[in-house]
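What follows is a single chain, given as structure tokens, in the form predicted on its own.
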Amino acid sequence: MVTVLGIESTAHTFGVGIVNSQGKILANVMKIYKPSVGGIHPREASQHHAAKAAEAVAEAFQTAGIKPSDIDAVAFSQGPGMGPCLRTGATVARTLSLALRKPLIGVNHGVAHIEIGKLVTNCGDPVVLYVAGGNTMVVALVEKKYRILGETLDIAAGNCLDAFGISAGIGPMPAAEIYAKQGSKIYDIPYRVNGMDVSFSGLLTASEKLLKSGVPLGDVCLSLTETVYSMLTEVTERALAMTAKSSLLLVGGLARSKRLCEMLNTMCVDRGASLHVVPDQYAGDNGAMIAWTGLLMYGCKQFINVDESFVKPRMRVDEVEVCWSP
């Protein structure tokens, strides 16, 4: 049996996961950086990760009930993400790899979100809607690569909702969705869908202007969330029609959104497709998803030399050869 340790450090979370080749998640430890004000500060987040790394690794081994020598490889999030945070995680992974004399594996963060979702939902070969604070895209597996069928042209959906919540003084998600329940009127704000791509920066600006003009906060939140989710549902439905796939997998931090799940489920029922949503504990960034994807890559011997293990802050999911796919 193969056992892999994975380290996640792309943004606010320093995660350590341990997974075996039976698909069993032995440990999934998360240490989350929470800024005192505003959004994520990359330098401060990386300092948080460095301070919590040893504790997180030790806790993961204790939870898994194994010794460091029992693992077969060390995987780490190579990108995309915030440079300082990525470098901290990569440094920890390199140290473990060298000290334990185990292979090192560089994992694509986006691919990891998809693969952990496929593992825990057993959804087969779906269209994937990946929505989070830093990423928004619709993808499907074609010829051993996750092809991007549509994506955001500017900011991510999660970033749009988080940024509005912070500027409105209610905090990041799920605050906007919670306050939307107090709304009763949907205002006309920019609905930007360009083919299979979406754009959210105009929605953010328009929503902030509505709030400053005196429109009730609940109505602004309702208008913003309904518009964002409608845009995501539209492009996802188009992807299902184009690929003729019968299942949809929702992954990323916004998979926790009950309203988004409702809209996607309604669309899937209308199309005769099935919706699969990654469970909350694996929706956000976590080490288990890096460990599991690293284990899949281990089977293909997709190892990386320590002196070539550079992080890639702008790494895309379609750069990765999905050698483990049927």
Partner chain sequence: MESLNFVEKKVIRVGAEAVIKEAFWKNHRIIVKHRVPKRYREESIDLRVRKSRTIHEAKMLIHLSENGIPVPLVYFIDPVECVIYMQYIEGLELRNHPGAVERAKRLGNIVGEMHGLDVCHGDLTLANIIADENQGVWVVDFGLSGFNADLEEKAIDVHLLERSAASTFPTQTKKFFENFLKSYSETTGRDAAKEVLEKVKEIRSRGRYVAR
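All values reported here derive from a predicted model rather than from experimental measurement. Numbering follows the first chain given and starts at 1.
This protein has a second form, the form predicted together with its partner chain, left out of what is shown; the following refers to that one.
*Asks:* Of the residues Met137, Ala176, Ile116, Leu248, which one places a heavy atom within 4.5 Å of its partner chain in the model of the complex?
*Replies:* None of the other options qualify; the answer is Met137.
*Asks:* If the cut-off is 4.5 angstroms on heavy atoms, which of these, Met267, Ile66, Ala53, Leu26, is the one near its partner chain in the model of the complex?
*Replies:* Among Met267, Ile66, Ala53, Leu26, a heavy atom within 4.5 Å of its partner chain in the model of the complex occurs only for Met267.
*Asks:* Is there a non-hydrogen atom of Gly81 within 4.5 angstroms of a non-hydrogen atom of its partner chain in the model of the complex?
*Replies:* Yes.
*Asks:* Closest heavy atom of Arg238 to its partner chain in the model of the complex, within 4.5 Å or not?
*Replies:* Close contact exists here: in the model of the complex, Arg238 approaches its partner chain to within 4.5 Å, heavy atoms only.
*Asks:* Can you work out whether Ile155 and its partner chain are in contact in the model of the complex, taking contact to mean some heavy atom pair no more than 4.5 Å apart?
*Replies:* Ile155: yes, in contact with its partner chain in the model of the complex.
*Asks:* Could you confirm whether Asp125 comes within 4.5 Å of its partner chain in the model of the complex, counting heavy atoms only?
*Replies:* Residue-level check for Asp125: no, no contact with its partner chain.
*Asks:* So which of 181-189, 117-125, 70-78, 93-101 is the stretch with heavy atoms within 4.5 Å of its partner chain in the model of the complex?
*Replies:* Contact-bearing stretch, as computed: 181-189.
*Asks:* With the partner left out here, which residues of 296-324 have a non-hydrogen atom within 4.5 Å of its partner chain in the model of the complex?
*Replies:* Those in contact are Arg314, Met315, Arg316.
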